[in-house]
Structures are given as C-alpha cells and as structure tokens.
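First, one chain by itself in structure tokens, the form predicted on its own.
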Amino acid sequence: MRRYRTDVLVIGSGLSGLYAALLLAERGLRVVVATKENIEVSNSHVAQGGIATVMDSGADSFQKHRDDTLAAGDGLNRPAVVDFFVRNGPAVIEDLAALGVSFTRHEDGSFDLGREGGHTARRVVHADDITGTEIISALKSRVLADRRIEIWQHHMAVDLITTRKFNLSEENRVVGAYVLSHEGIVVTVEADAVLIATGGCGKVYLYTSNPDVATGDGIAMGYRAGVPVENMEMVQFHPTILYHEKVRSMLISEALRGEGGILKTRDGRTFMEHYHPMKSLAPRDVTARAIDRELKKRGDDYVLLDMTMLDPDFIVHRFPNIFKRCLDAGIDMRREPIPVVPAAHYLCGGLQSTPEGRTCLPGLFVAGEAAHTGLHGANRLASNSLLEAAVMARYAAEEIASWLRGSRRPHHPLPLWSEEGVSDSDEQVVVKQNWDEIRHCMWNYVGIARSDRRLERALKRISLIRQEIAEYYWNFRVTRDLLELRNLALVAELIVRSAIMRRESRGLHYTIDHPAKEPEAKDTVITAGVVVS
C-alpha cells in the first residue's frame, strides 16, 4: 500500500487524538489514526493527577478556576481563552464518563475531587492516581470497536502535504501527509483534513517525565508546513520526578503535595516557605526553580517529598499505583520520604491555533499539547493539560466536520513519496551522537535557569547539528530514528530562539541576565520560514 484515502487523518493516539476520532466517526466521517507506537503509548496515558474542572459549585466556581489559571500563567494567558476552557470542562467530564471512563467517586456517586499545586479549591477529577491510563483504556476500547476508524500502529508521519508544495492549487491548504509504515514503506495518505494530536517534546531534554515518543513531531511538521509557533521557550519542568538509579522517568504526582506532602532538603529541613506563600503547594514554575536552586546551593542530587505525617492507609488508598511503584523501587512512602528532582514535563508553547483547534493553514487542525491557544500562559496550572486536550478534541471535531461541509477539495492524486537517489544508511552512530548531543545541550544550556551566553552557545551547536541532519535526511532512506531526530532538532532550535527573544524572566522562563519582568506581557512568535527546515 503506497497510497490511501480517508476523510480525516489524526496523527497521535493520546486523549485528544482518540476522543476526536470517536467524535468525527459519530459524524459519519472515515478516520485514520496514525500513531508511531502502540495505541496506548502517549503522555496522556501516563498522566497521574486528573482533569481540573469545577464540579462542586458550593466550594468552587468558574471564577476561582479562572483566577488560579491566570495567576499561574503569570500575565501571559488570554483571559477569553481561559474562560472558554474552564466553562467547557464539566461537559467533557460527563461525556468521558459516558464513554466508560471510571473516575473515582464517593458512595453517593459524586466525583472525588483532588487538589494540586496552585489550586485554591478541590477540583481535580481523577481515577485514583492513574487517570490517564483509565481514560486511554476506555477510549481505546471504543475506538477499536468503531468500524469507521482505522488504527495504524507503528506508523510515523513524515511530513504534511500541502497544495503549495506541489503547485496543486492557488490556495495553500493541507491535503494529506506522508506516513512511514512499520515495514519501512512511506504511504501517501490523501486526507481532506488533518488533526495533529502528537503531544509535546519532553525528549528534547536529557531528563524528562515523558515517554520516548514525545519528540515534538507534530509541532515540527506543522511549522515546516507554514504554521507559526508561539512561546516555545515556556517549557515546564515538573518539580517531582523520582530520583532512582534504576527507575527512569517516573512522575511523582503533584497530587501528593495537594494532599499534604512536604518538600524538604536531604537533612530534613523545609524550604518552600522561602519561595512562595503557598509553600509546598506553590505553582510548578516556582517549585521547580526553588528545588533547582536548593540543589545547586547545597550540591545535593535530590530533595525529599515527605508523606510520612499522613495516615498510612490513606496513602495506600489515595495513591495505590505510586505507592506500589515506589515500593517496588525499595521506597515505602508511608515510612520514608521520596527522593525527587525536577525534569522536563510539559510544553506551554506550540503551534498557533484557536481554542477550537484551527490553524492558519486551511485543512490543518491541532489539539492538546502540540497547540498554543493561550490557556496556560507562561506556566501551566496542574491538571489543566488533560482539560485542554479533551475540550480541544471536542471542538476540533466540530470544526473539522464544519470545514469538510463547506470546503472545496482537490481530488487529483497526490505525488507518491520519492526515494530517487537515496540509499540505506550504515552510519546509525551519527543519529545517536546527534540525539545525545542535543539533549545534553538543552539540559545544560536551556534548562530551568538560563543566561544569554548559554542560549547563544546552544543555538550555535544545534544549528550545526541541524545542518548535518539535513544532509543525512536527503541522502538516506528515512527511518523512525532519523525522523525523530530531525523533528527534535528543529523543536530544540525553536525553543532556543524563542528563549533568546524573551528579554525578561516570566513564568517558566527564568534568565539570570534579565531577572525582572517587562511591563507588558507579550507572546514570542516565530513565523514559519524564519528557521529553515
């Protein structure tokens, strides 16, 4: 199979991708979901905390959720966008529950609501401490049972196909994508609309909570096709990732601090009171920066998250998965603190889009972490990520259906992928070397604390690496490793260039050379074409 036609191509199988696919199929559209791993491998799947939304009108309100989101976002949110997501939260919770998601409830049937850093009320709807796993499991069973949806596992999108690229029409629009199959064949997928739901880019950093698939593919493809990116410098480092020599990338949910966990230095002293009035419940940007500063000041490798003052039975009941995984690693969180460090976790920037997922490129839509809508501002409030993913998926499905009803679609066949003049590579060491160098460079120079000098060094190194990758890309047959490296390098450069553009410290972007905020909060925007792909 070298050519395939469908109504909608969805790239990615997290919450946004699977939920949107179901809603599109309900509208009678044929959908292909292309995912480069097994269907359940995604950031959504490993999300622990839950979905932040107002479900208790007596103790909470839309205004409170809005205010908390704006406070965390440090002046860079778009208030109207925040209102849109906050007010649409309860509806998607009810919809997901109707689709089979088993959220944790009280005996009377009401939702059990957790609290996390930066929240002034309990509003996190969850499924124990494995919310993402439960959501993806329920959506997966529905998607696999729907005959209008095809799931292409181990298929990686190479690039979007636009009419301008092949002079197919005067109006530029997306008409499909090239997709690399697990057999190594590049399929030309002709689609009337494409939804990017590929998640974030945590693997651009050496230490991350993200699974290996998070290489910024959708952002890179969208940018190469002509969509601007916004606020790419706003990379959120989760404050608490398990520090362990054998257990990799294990997230210790913010909900632990929400239920009373206290951050301490290795000698048992509390420190968050020196950084924020909410102490250990401070927003993530403040907490990650505080931990980073304490580690550098003391020369320690980790800090401690202490839960031992809480009832042991409550810990086991509220956090069964985290408790078991810590116990498997030799840590009994009922009796001893958990060693934790910050790690790259979430991208608050992304492809410029409306809250409904529209981009400036007709036929291309985006949902979830790959999008920048203005919801998160300079720092994401905990558990607003799954809220954004679900709400965007719901409205993107409506936008796509509306677009297909009113658009004129070119029906002539698209050019097949060409491998003329290329050969198989016998130098995989080049890919590995560049991959490692990018991640070390980003961690050391573009991490939690930045400087002008570090950013300039990072830009020089990554620009040279991208030149090497481009030569490699055009001379050898594409592989998943090469495609991920190409995307990772582009996203890394976009992050660095955005960081250089922001001459202030705001939210997740802290620079020792510009510690103060500018009087006016402004987005950093890089228009496609500024960075040559």
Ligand SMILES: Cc1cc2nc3c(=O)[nH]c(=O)nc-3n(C[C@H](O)[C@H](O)[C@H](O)COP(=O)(O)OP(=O)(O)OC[C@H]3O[C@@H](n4cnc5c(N)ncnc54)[C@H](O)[C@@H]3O)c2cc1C
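In case it trips you up, residue 1 is the first one in the sequence shown, and so on. Just so we're clear, the structure is a prediction, and the values are computed from it rather than from any experiment.
The same protein also exists as the form predicted in complex with the ligand; that form is not shown, yet it is the one meant from here on.
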| query | finding |
| --- | --- |
| The single option of L70, V478, I500, V46 touching the ligand in the predicted complex, heavy atom within 4.5 Å | V46 |
| Position in contact with the ligand when the complex is considered in the predicted complex, options G199, G349, G357, G261, heavy atoms within 4.5 Å | G199 |
| Triple contact flag H155, D217 and H345 to the ligand in the predicted complex, non-hydrogen atom at 4.5 angstroms | yes |
| Segment that reaches the ligand in the predicted complex - one of 261-269, 217-225, 288-296, 78-86, heavy atoms within 4.5 Å | 217-225 |
| Residue contact check: S209 to the ligand in the predicted complex, 4.5 Å heavy atom | yes |
| Residue contact check: S42 to the ligand in the predicted complex, 4.5 Å heavy atom | yes |
| Close approach of S505 to the ligand in the predicted complex, 4.5 Å, heavy atom | no |
| Partner proximity in the predicted complex: K36 to the ligand, non-hydrogen atom cutoff 4.5 Å | yes |
| Residues in 490-512 with any heavy atom within 4.5 Å of the ligand in the predicted complex | none |
